[in-house]
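Shown here is one chain on its own, the form predicted alone, set out as structure tokens.
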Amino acid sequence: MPILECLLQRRLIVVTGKGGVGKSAMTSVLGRSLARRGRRALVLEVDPRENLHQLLGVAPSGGAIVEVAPNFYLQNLKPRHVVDWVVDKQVKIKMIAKRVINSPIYHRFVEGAPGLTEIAILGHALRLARGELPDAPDIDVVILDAPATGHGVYLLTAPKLFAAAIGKGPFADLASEVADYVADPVASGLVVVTQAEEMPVQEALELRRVLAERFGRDPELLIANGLYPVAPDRGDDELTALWRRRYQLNVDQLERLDRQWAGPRINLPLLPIDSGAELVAALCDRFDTALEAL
């Protein structure tokens, strides 16, 4: 299936990669690109520092769903609110539910239970994609700005482990439902972001290996971000010499990816634009061109 058609069919797309490679910017680019094609897209952020609103040129979400452009939305998620929602839904008497949520034991459980935060994040994305959230706009696809690679792997594997460990109960049921959804190659997809440097490429290749072992599938797309332009042939100053080294490093690592990464890849350049909405728009134009070519 062509990669464009593949991305247009997914209801949940998880974007991950090594920290510092431009993962949040690529999440914004992907959301804007799908929205341009008529998909009602929502980018979901779980970083409490709220960086995506700066990249998209809108006010901070603060937990609300913010409209960025037609068919395009942003939300910053507090996972604890999702866990509280599960308790409130299961305990029918509101006064008792409130007492449970405010109790010290419950607080320790939420803070210490392995995998609970990850289940809350993916469970919220699932409810958004299914139209199960009251007062939320109709959403066709949720693009999740996931944690960096190591935590991203745990995000995807935690629900299955949690469901097996807990067995029964509302959180186990949610974990099982989320695990099935993440494992479904038609419903969900994964986009990996890297830079053409040794460590980010190594982490991307390792992530691909782990996904194949645990899920029997590959990421839908690899984005190589921040590529240096061709270095000039002339000039012996230190800046030009550094430029040549960085460019050659990119070339070497892209050749490594050619040998070891079999799936679709999009290369995006390093642009002389400050981080923000202008950068996202410029990268989105280049992303769309490359996507059509694939």
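Computed from a predicted structure; not experimentally measured. The first residue of the shown sequence is 1; numbering continues from there.
Same protein, other form: the form predicted together with a small molecule, not shown, and the subject of what follows.
Comment: 218-226 is the region of 115-123, 201-209, 184-192, 218-226 lying near the small molecule in the predicted complex, near meaning a non-hydrogen atom within 4.5 Å.
In the predicted complex, the small molecule lies farther than 4.5 Å from every heavy atom of residue 12. Although the partner is absent here, residue 25 is a contact residue: one of its heavy atoms lies within 4.5 angstroms of the small molecule in the predicted complex. The small molecule in the predicted complex is approached by residue 47, whose closest heavy atom lies within 4.5 angstroms of it. Not displayed here, the small molecule is approached by residue 271 to within 4.5 Å at the level of heavy atoms in the predicted complex.
55 is the sole member of 34, 55, 42, 68 with a non-hydrogen atom lying within 4.5 angstroms of the small molecule in the predicted complex.
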